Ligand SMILES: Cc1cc2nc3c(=O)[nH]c(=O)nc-3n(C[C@H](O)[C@H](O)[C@H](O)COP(=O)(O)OP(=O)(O)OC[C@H]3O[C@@H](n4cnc5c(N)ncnc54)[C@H](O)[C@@H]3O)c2cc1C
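What follows is a single chain, given as structure tokens, in the form predicted on its own.
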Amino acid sequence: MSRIAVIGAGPMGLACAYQFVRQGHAVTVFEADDRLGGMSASFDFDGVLLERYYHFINLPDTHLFDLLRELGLEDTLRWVPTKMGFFRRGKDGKARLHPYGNPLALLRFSDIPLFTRLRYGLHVLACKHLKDLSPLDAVSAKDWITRWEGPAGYDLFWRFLFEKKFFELADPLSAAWIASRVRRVAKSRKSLMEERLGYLEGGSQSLLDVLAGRIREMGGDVRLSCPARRLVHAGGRLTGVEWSEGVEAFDAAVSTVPLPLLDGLLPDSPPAYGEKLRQCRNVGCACALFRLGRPLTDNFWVNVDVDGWDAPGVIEYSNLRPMDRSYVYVPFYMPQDHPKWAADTATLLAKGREILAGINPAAAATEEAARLFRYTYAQPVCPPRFQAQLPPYATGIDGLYAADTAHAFPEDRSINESVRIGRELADLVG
């Protein structure tokens, strides 16, 4: 039996720690926050437990399904037919909400030329059947989309999504990354006309609580409000973790915090590993959440392409998980050095209200409460040849391994991918 530290109590860290205790190891999880979850953490919104940042489950999420079965949680998984919309200005200059996300809606989307719509639809269909995404890693997303859909397709369907999420980092991005996102959603359909997304009764918190409970029941220790300060090593081997009460000895450690934070925990990393670590970029997310007295739309997801509105879309979570009020997320993604990242809470909530009022003024007027949450390292930036840029799980220090959601590549970050990575890390060490 080895003494193993896991840094971070998000889905990846907890999945890793759970695997370790099942293997018979003594595990301690260090979490800086006062709650489980990382970006999947929940909060009490006036008596309703909600995630700070929106999450949903797709039909291809097999790693998550396996874990739910192991924990006896498979009966808490719910599937819902969901809709998608597209809010944009038409040729007449008026902004409208269009049905979107199925072939019939695409054919009726008359604001965009028919040939461009057809090319877009064929491209999405082709993505569903992609097997190996590795050849696309060397190609820029813009070039790949333009080859399939033409310049008009890129400009009308994609440019605003990239630019409102990554700003000056929007080009180039790896085509493999966006292809995997399209493929995952395309495969989450019951039929050509019906998208199906899932959620857990009790939200992601139900999974996190059971995982942490099992870890503790099997002898592990999950410490909240307990940040690791430094990963200690000597002679090329991990020896311990420094935290508020000193240095605690461990035989091995796994870090699951964002890679930019690992650089601070391991300032004296091996040069080759440290160089790769510092190449990894993320954009932050300031996510506004509004509770409304009536629905904004009947869509779960609405893409938003309106000049001056910085959010790429709005997510009406209550159209996935049935609730007695409407809960709408408005995410503002941007690099941490962008001037707008420094905007205060009131300014960002006001921008969110502007978007809601533009989509449905009557619904926006029923606002009952609002919150804003910030996650500094929310979305990895994946340029072409990102797979070669990623640091390996092994840090070059014996007994020390690390990963974050960037290691989901070419898939995008999700609880499903975090579960997969967490288990791979545990198997690698154990």
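We number the residues from 1 along the sequence you see. From a predicted model like this one, the values you see are computed outputs, not experimental measurements.
The following text describes the form predicted together with the ligand, which does not appear among the structures shown.
Note on the partner interface in the predicted complex: the residue among E368, D33, E70, D46 having a heavy atom within 4.5 angstroms of the ligand is D33. Comment: the ligand is not present in this chain, but in the predicted complex one of G153, P258, G313, G85 has a heavy atom within 4.5 Å of it, namely P258. Taken together, the three residues R184, Y375 and S414 all come within 4.5 Å of the ligand in the predicted complex, as judged by their closest heavy atom. Interface residue remark: C285 is counted as part of the site for the ligand in the predicted complex, having a heavy atom within 4.5 Å. Interface residue remark: G38 is counted as part of the site for the ligand in the predicted complex, having a heavy atom within 4.5 Å.
The ligand in the predicted complex is not approached by G358, whose heavy atoms all lie more than 4.5 angstroms from it.
Contact annotation for L265: at least one heavy atom lies within 4.5 Å of the ligand in the predicted complex. Just one listed stretch, out of 71 to 79, 136 to 144, 249 to 257, 91 to 99, contacts the ligand in the predicted complex at the 4.5 Å heavy atom level, and that stretch is 249 to 257. Residues are counted as partner-facing when one of their heavy atoms sits within 4.5 Å of the ligand in the predicted complex; in 6 to 28 these are I7, G8, A9, G10, P11, M12, G13, in sequence order.
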